[in-house]
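Listed next as structure tokens is one chain, alone, in the form predicted alone.
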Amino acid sequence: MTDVVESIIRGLGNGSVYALLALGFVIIYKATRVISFAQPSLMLAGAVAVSYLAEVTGFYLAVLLAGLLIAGVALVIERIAIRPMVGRPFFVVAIITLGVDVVVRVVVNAFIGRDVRQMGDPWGFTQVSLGPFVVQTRWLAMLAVTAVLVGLLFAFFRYTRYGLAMRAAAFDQETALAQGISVGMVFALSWGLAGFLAAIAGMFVGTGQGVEQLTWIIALKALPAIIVGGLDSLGGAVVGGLTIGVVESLFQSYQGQLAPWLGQNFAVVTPYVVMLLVLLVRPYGLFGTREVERV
């Protein structure tokens, strides 16, 4: 039983990272109706930014500065590459985000080099005891920071003027324009928020193990998370990310004993298996709306 609980805590920690990335995907989708495939590169850029800034400012200030820096980069990308495409077919804009992802990763890889860059995080692989359970400190940090950010994000959408504007634009852009809401501002804000969340997720991905050129692949696990939760649901993104993390962790711990015939690395594909199973039952995700058009 102890091992099961520890596996679940580890899964919730890793799932928190998927949830942060999934939130970025959903925020941009709700504002623009386009899936941004640039999120993996922004996550990688955030992690690398932390690794450089931490050498100068210390870890915690570096995380904040990196988040703001990547949010600024996302704003520039939106203004230069995405805003001029307003009114064009959604799949064209989605393909452009693929190109942006490649370009950003090529630039960031030049700062990474061939070696693994350490982030100077205060947690590493240290462990703490929670009663009978022994867990890594970084998983608890992932859960705590994600809970705070999700709470702030939901309060922003619920109680602030800009959050209400983003909700209105997500519901009906033409009506929002008629009410004097700047849809361009909504687009920019959605990209900025997604960039900030991607940078924080990247920081957690790199803690303990460092950052290398292939770190961006982890961000692809956020795609099953948003499909499971629902492409247009912020709450669904959180639930989907945590679900993917827990399922993956349990398979890593027990699949070798219970189902060795699946192979040694089956846990790697479990996020996509879960996604396929959910699609078979609810094609619009657990919390998504039926009228969603998938890109």
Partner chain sequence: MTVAPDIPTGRSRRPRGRPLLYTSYAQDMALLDTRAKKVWTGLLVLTAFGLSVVLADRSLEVLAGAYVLAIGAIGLNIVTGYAGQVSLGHAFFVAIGAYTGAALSSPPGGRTIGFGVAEIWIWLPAAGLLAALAGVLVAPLATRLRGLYLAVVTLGLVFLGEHVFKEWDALTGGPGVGRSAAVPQLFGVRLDQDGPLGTREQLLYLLMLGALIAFAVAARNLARSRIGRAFMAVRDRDIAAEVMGVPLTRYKVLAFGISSFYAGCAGALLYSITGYVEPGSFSLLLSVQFIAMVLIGGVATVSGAIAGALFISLLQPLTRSLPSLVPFVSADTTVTPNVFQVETALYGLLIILFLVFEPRGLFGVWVRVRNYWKSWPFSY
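A quick note: this is a predicted structure, and the numbers were derived from the prediction, not measured. Residue numbers count along the first chain shown, from 1.
The same protein also has a form predicted in complex with the partner chain, omitted here; what follows describes it.
Within 4.5 Å of the partner chain in the model of the complex, a heavy atom is found for all three of 37, 99 and 223.
Of the residues given (148, 214, 178, 110), 110 alone sits with a heavy atom within 4.5 Å of the partner chain in the model of the complex. Out of the listed residues 154, 162, 91, 133, 91 is the one that sits within 4.5 Å of the partner chain in the model of the complex by at least one heavy atom.
Only one segment in the set 60-68, 240-248, 227-235, 45-53 has residues whose heavy atoms sit within 4.5 Å of the partner chain in the model of the complex; it is 227-235. Although the partner is absent from this view, residue 257 stays clear of the partner chain in the model of the complex, with no non-hydrogen atom inside 4.5 angstroms.
Contact annotation: residue 33 falls within 4.5 Å of the partner chain in the model of the complex, judged by heavy atom distances.
Under a 4.5 angstroms non-hydrogen atom cutoff, the partner chain in the model of the complex has residue 114 among its neighbouring residues.
Contact check for residue 185: every heavy atom lies farther than 4.5 Å from the partner chain in the model of the complex. Shown here without the partner chain, the chain has no residue in 41-60 lying with a heavy atom within 4.5 Å of that partner in the model of the complex.
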